[in-house]
Structures are given as structure tokens and as C-alpha cells.
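Just one chain follows, in the form predicted on its own, and it is written as C-alpha cells.
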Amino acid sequence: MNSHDIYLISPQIAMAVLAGLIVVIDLVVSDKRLVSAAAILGLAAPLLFTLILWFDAPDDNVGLFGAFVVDKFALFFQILFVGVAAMVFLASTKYQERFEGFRGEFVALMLFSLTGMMLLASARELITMYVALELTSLPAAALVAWLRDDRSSEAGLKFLLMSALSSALLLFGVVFIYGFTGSTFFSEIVTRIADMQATGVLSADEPFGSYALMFGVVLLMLGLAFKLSSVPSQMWVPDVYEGSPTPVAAFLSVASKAAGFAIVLRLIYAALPDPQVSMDTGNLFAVLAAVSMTVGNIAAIRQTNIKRLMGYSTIAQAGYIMVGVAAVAASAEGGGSSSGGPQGVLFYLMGYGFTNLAVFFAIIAITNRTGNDMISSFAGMAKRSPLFAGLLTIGLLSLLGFPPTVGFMGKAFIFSSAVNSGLLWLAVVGMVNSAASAFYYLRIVRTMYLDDADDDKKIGGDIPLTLATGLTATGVVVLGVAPWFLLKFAEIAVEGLAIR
């Protein structure tokens, strides 16, 4: 590793150093509220290095022996990760009092997980991708079990076991791809697949041109499905969301999902651009998208626990995002207008980040006072806590895709890209599922505004939590009314991908 490599990886180094400093600060300060404050302020360092790389745009942006790339696509996700972390730390300042003796470790583990996500977005080699995934998942498993009660411990164990299973599938996929192409580097995989296509090694009569390549790609994508919270690796989601600390559920629902989609998009564009391989990959994601959104929405209808409901909602939302991924892979041109291609996926991910954080933060504010995660406990919340009931409603309407929220704009871009890529049936399935999701999203709204409360005591939130919820809910509305800035941001971000 030389100085240039250190420059390219400086945001990740800054994030890891910040995690270590948080542990030291936790040891020397008596007022543990300073730990969260130090973490929020310290995030300025990785953000600063990210912005320097964004505006500097070095010509030689490949480092670590070719396994790591710093392009605006990766930097887009790094900015997203830093923003999510800042909002989660701000919103959980009061919540962290539940584990006062382990506050520093809680924050540090989240920062280490973020380091892995930032590495994952820049990976251009399969082994590097795997190592980054493990760095992301192992700290997250500890965070899920942080409450140390029966439900939290069970959730942590399920998360760890499913993570191990998905890692095994992913490694089998890596073995197949390496055995077929002789390389783990994305650029070399592209070249060797192209050579095989030119020499007739790949057969038009076989899926992906070869059954060996098919098994590799399918196993790789099934392993990554764990990070996406999609079928068939979705079983852990509702249990983990219900048993884990609510800030951890919020963190996983946004940051972890975004990291998974970042590496999936890079694989499609940088490693699997062959038209036949890409078309079959698109068909695979189309099926997974349809099944994920349907399974998530049907299961969510029956839920009575709001955190568990949000778990199934996350599975459904993963299905919607995968509609865009399927459209990207199935498109003959790969890029496209601002309403299609990968920029639509990036827009949805950023908008979903604002939306889901607003929902989870409002849930934290309400359940912190009621001590109850059941949907029935939200009855009369419009009178007891009109501010948080209103902010929660904004978030739920955005998840539903109701105008003028960012969720509506995101689904419009995603579904239109599917239609433009010849996946009309998938867009129809998505719209039907969106309509079906109104049942459980609006049921929460109805409970808050129409049902009578058992207790008339007013509910408020601490200042940091109120600020975080207000900021994210404001983003939901602003990006829904004026989405063009975020679309342009996403369009610039995808310019670094290897468009076929």
C-alpha cells in the first residue's frame, strides 16, 4: 500500500479511526452523552475526505492492487452512509441510555459496520467484496443482540446464522465464477467472458451462456440477497427488527440495504456486462423482485407489532428496488434517461433512506414513552403526540408511494424504467403490490387518528430525536416536490460505472 492508496481509502480509514477514538472517549469521560456527540461531530472527517475525493476526481482512481476503486458511484454511497449514521446517532441519543455501560462499544461497532459498507461500495474484486461484507455483518450481529434479553439474543443468533449461510452461498458462487473465468477481478471477468463469447465457448442455448457461469451468478446473487433483505434470504428480517434495538433496525433497514444494492449494481455493470449474461441476470432479479414484494406485503397485513410489520415492509421495499435493478440488467443499453437506468435505483435508495428513517425515528419517540411496540398502542396518538403522529404519517405515505412524497417519485422512476426495458408485467406486479400495501400502512394512520387512546397523557420527544425526525420527514416532502437535484446527483454518480 502506497500513499496514493491511503489517499483513496482515506474516508474508510477516518471512519475506522473514529470508531477507535469513540472507545477511548468512552473510557475517559463520565458524561456518556458526549460519546454520541463525539460520534456525530467525528463523522465530519470521513465526510470531508469523501467530498475531497468527489471534487478532486483523481484520474488514477484504482488502488489496493486493483481491488478497490474510488468513483462517484462509490462516493455517492459513502455520503449516504455518513448521513444515515449521523441521523441514527442523533435520534438514538436518549435511547442509548438503556445500555449506558456499553454506549461507546455500541457506537464503535456501528462505525466499524459502516467502514465495511464503505469498502463494499468500492470493491471491484470478489474476495475484497466478501471481506467487506463480513466486516459489515459481524458488528451488526452484535448490535442486534445488544439489549441482551431473550428476544434480542434470539434475533442476534438468527442474524448471525443467516449471515453465515448467505456467506457460504456467496463463496460457492465466487468459486464457480473463478473456476470458469480464472479471475476474481471484475475487469478481468468481463474480458474473459467476452473472449469466450467471441470463441463460441458460451452457448446461446444455455442460461448465462454456460451452466457453470449460471451457478456462479445465481449463488452469488442469492448470497447477496441477505444484504438486500429479499427472498430467499429474508427469514431473519422480521425477527431481527422486532428483537433488536430500534435504532439498529433503522440502521440495517437503510444502510445495509444500500450497501447490498451498491455492490449488485457494480457487479452488473462492471463484471457481468455481456448481453446474454446480463439479460438472464435481469430475469433472475425480476423473479426475485416479484416474489419479494408479494411475500413482504402479504405477511405485513397480518402483523400486530409495528417493528415486525416494518420488517416485512422492508422485504417488500427491497422488491420494489429490485424492479429497478432488473430493468438495469435487462436493458439493452444499460444507461438511459433520468427516469430509468441505475440513477432511478440510486434515487429510490436515497429517498427510501429519508422515508424509513423518519418512520423508525417516530416509532422510537412514541414507543420510548409507551414501552409498547404493538400497533394498538398507537391509538389516539394524533391527540397525545400530534407532531410525531404527523411525521410518522408522512413517512408511511411515502412508503405507500402517495404523492407528493419522495416515495411516489421513486416508484414512478422505478416502474417506468421497468416498462422501458420490456418488463411491463413486473411493473404491473409492483403497482398491484403498492396498492395492496395501503391496507397495512393506512391501518396505522387510522389507528393514530380515529381510534381512542387508553391514556390521554401527552407524549413528546427529546430535542435530538425531534430534530432527526423532522429533518428526515422534511427530506421526504422536499425530494418529492423537487426531485431534480437528487436525480442529477444520482446521474453524476453512475457516470463512473462501466456502462456497456
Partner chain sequence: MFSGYLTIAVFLPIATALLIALMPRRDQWIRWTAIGATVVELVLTITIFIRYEIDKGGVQFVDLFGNWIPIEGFDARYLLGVDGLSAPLVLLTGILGAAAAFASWRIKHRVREYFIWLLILQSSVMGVFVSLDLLLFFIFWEIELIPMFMLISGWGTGRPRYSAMKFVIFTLAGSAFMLVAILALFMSGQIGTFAMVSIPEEGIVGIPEKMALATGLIAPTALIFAFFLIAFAVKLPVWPVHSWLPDAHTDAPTAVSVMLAGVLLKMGGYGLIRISAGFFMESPDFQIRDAGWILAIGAAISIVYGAVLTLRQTDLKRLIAYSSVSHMGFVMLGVAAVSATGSKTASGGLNGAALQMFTHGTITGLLFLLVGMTYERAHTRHIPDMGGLAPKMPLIATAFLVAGLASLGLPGLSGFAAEITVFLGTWDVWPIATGISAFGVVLAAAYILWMVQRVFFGPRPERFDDAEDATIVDLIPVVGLIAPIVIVGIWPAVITDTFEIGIKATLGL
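Everything numeric here is computed off the predicted structure, so don't read it as measured data. Positions refer to the first chain, counted from 1.
Just so it is clear, the following notes concern the form predicted in complex with the partner chain, a form of the same protein that is not shown.
Visitor: Sort through L48, V432, V29, L41 and report the residue having a heavy atom within 4.5 Å of the partner chain in the predicted bound form.
Guide: Comparing distances to the partner chain in the predicted bound form, the residue within 4.5 Å is V432.
Visitor: Could you spot which one of V174, V419, L387, A299 gets a heavy atom to within 4.5 Å of the partner chain in the predicted bound form?
Guide: Comparing distances to the partner chain in the predicted bound form, the residue within 4.5 Å is V419.
Visitor: Just one stretch in 451 to 459, 64 to 72, 464 to 472, 51 to 59 has heavy atoms within 4.5 Å of the partner chain in the predicted bound form, so which one is it?
Guide: Within 4.5 Å of the partner lies stretch 451 to 459.
Visitor: So, a 4.5 angstroms cut-off on heavy atom distances: do all three of V131, E154 and P232 pass it with respect to the partner chain in the predicted bound form?
Guide: No.
Visitor: Is L34 close to the partner chain in the predicted bound form, meaning a heavy atom pair under 4.5 Å apart or at it?
Guide: Flag for L34 set to no.
Visitor: Answer with yes or no whether K383 is in contact with the partner chain in the predicted bound form, where contact means some heavy atom within 4.5 Å.
Guide: Flag for K383 set to yes.
Visitor: Would F99 count as a contact of the partner chain in the predicted bound form, using a 4.5 angstroms cut-off between non-hydrogen atoms?
Guide: The answer is no: F99 has no heavy atom within 4.5 Å of the partner chain.
Visitor: Taking the shortest heavy atom distance, is V24 within 4.5 Å of the partner chain in the predicted bound form?
Guide: No.
Visitor: So which bits of 422 to 453 sit within 4.5 Å of the partner chain in the predicted bound form, heavy atoms only?
Guide: Residues within 4.5 Å: L424, A427, V428, M431, V432, A435, A436, A438, F439, L442, R443, V445, R446, Y449, L450, D451, D452.
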